[in-house]
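Only one chain is shown below, in C-alpha cells, and it's the form predicted on its own.
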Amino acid sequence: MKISIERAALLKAVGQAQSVVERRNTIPILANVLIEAEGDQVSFRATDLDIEVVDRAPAMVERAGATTVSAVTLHEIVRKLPDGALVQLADDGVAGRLSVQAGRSHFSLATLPKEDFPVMASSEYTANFTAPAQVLRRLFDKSKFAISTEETRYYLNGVYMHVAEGEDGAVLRCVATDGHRLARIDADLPEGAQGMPGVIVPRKTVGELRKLLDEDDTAIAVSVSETKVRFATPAITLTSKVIDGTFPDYSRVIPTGNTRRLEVDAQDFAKAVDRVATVSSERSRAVKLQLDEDRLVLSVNAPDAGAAEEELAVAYGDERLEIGFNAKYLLEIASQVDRENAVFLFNSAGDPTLMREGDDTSAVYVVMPMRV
C-alpha cells in the first residue's frame, strides 16, 4: 500500500477512529486502526468490539492495499505535522512497518497483520430511515445529561430511542434517566422509522455519534435492528451494539397533575442557581426554592461553609411553596432550554417536578426534589 493524503483529511479521519479505541485493552490489535486504500479513497476502521467506526477520506492511491497501525500513535504524529502538509503512507508488509512521511519528517511504525483485525458482523436491519443531523443532535444532546453512570443498572446507561405516541401522532423519541432526573425529547417521525424496534444506545456511542452531527445540512442514514444501530454519512459509518436490556416504563414517573406553574427566564435562573450553590457542601449541593406571588427566593444553607440567598422576579400565581433540589440537576436541566423561558410545574414539596421550554411539549424534563 502506498498513498498520499492531505494532513487535514488524515487528521479528521484518524481522530474519529482513535477516539473509539480503548486505551487499556489486552488485545493488541484493538489498539490499531485498519487502513484500507483502494480507488481514489482510503478508509480508516477502528473498533472496541462494541462500537465500530469507518471514516473515508479522498487520497492519491499509488498502490492499493491494507494494514493496521497504532491508532493513537498515528493520530499524535499527524496532529503534530505542519498545516497543509502532504502525508505519504507506505506499507512494507515484509518488514511489518508503515512509513509515514511529510516534508522532512519521517516515521516508521510497527504494524500488525490486517487479517487479525476484527470486523463487526453485519446485521439485518429491520428499519432504515434518514434524518437531518440537527434533528438527531437535538434528540441526543438534550437527553444525554440524564444517562445513568451506575453500572449495576446497566439498562439506564444509554439513551432509549424508540417510536412513541405523541400529542399529534407518532414521534421519534429519545429518553434518558438515572432515577433522579429524566429527559424525554420528541421529533417528527422520519419516513421508514415506523416499524423500528426500541433500542438503548450506549453512552459511549452517543458521545461518538455527536461528531457526525455537527453540520446542519448533513442527512444521517439510520439503520436499527434488535441488537445493533448504525448511523452513516457519506464519509463516516458508526455501528454499535445496543444495550441488551429492557428500559423501564418511564411514562409512570412523568407527572400529569402538577398545577402550580412557575415561569422564569432560563438563563437568569441558571446563573442564580450557580451563584447560590457556590457555598453549598459538594456532597449535597441542595438549593431551596421559596415561591410566593411572582417572587422566587433561591437559598443555600451550608452550616460549615456559609449561606447564600438570591431573589428573582418570576411569573407565579399559586399558593406558597418551599421545595429543594440538587443544584447540579437544576443547572443541567435549565441549560437545556433554548428558548427564553423555562416553565416549572410543581405539585408538592415531595413530588417530582416537571420542566419544559415555554409551551413546547416536545422536550419534557422531570427532576426529583430533595429534603432541605
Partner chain sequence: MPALCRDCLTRFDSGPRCPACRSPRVLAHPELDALSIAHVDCDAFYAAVEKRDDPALRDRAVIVGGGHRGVVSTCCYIARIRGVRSAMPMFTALKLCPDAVVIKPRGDRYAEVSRLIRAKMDALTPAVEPLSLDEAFLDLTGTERLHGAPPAVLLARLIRDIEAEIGVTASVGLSHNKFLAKIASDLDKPRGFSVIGRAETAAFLSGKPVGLIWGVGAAMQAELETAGIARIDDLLRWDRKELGARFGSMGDRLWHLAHGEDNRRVSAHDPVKSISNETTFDADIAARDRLEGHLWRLAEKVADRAKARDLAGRTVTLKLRRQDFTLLTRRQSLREPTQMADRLWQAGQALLAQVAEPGPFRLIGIGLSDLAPATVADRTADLLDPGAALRAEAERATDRIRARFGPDAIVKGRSLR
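Keep in mind that this is a model prediction, so the values were computed, not measured. Residue numbers count along the first chain shown, from 1.
Omitted here: the form predicted together with the partner chain. The next part is about that form.
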Checklist entry - Which of 293, 150, 124, 76 has a heavy atom within 4.5 Å of the partner chain in the predicted bound form? => result 150
Next on the checklist: Can you pick out, from 223, 237, 177, 111, the residue that has a heavy atom within 4.5 Å of the partner chain in the predicted bound form?
Outcome noted: 177
Checklist entry - in the predicted bound form, which of 214 to 222, 97 to 105, 178 to 186, 198 to 206 comes within 4.5 Å of the partner chain (heavy atoms)? => result 178 to 186
Checklist entry - Within 4.5 Å of the partner chain in the predicted bound form, do we find a heavy atom from each of 248, 352 and 370? => result yes
Next on the checklist: Taking the partner chain as it sits in the predicted bound form, is residue 115 near enough to touch it, meaning that at least one heavy atom pair lies within 4.5 angstroms?
Outcome noted: no
Checklist entry - Wondering, does residue 282 line up within 4.5 Å of the partner chain in the predicted bound form on heavy atoms? => result yes
Checklist entry - Do residue 266 and the partner chain come within 4.5 Å of each other in the predicted bound form, heavy atoms counted? => result no
Next on the checklist: When the contact criterion is heavy atoms within 4.5 Å, does residue 302 count as touching the partner chain in the predicted bound form?
Outcome noted: no
Item to check | Contacts with the partner chain in the predicted bound form - residues in 221 to 259 whose heavy atoms fall within 4.5 Å | outcome: 248, 252, 253
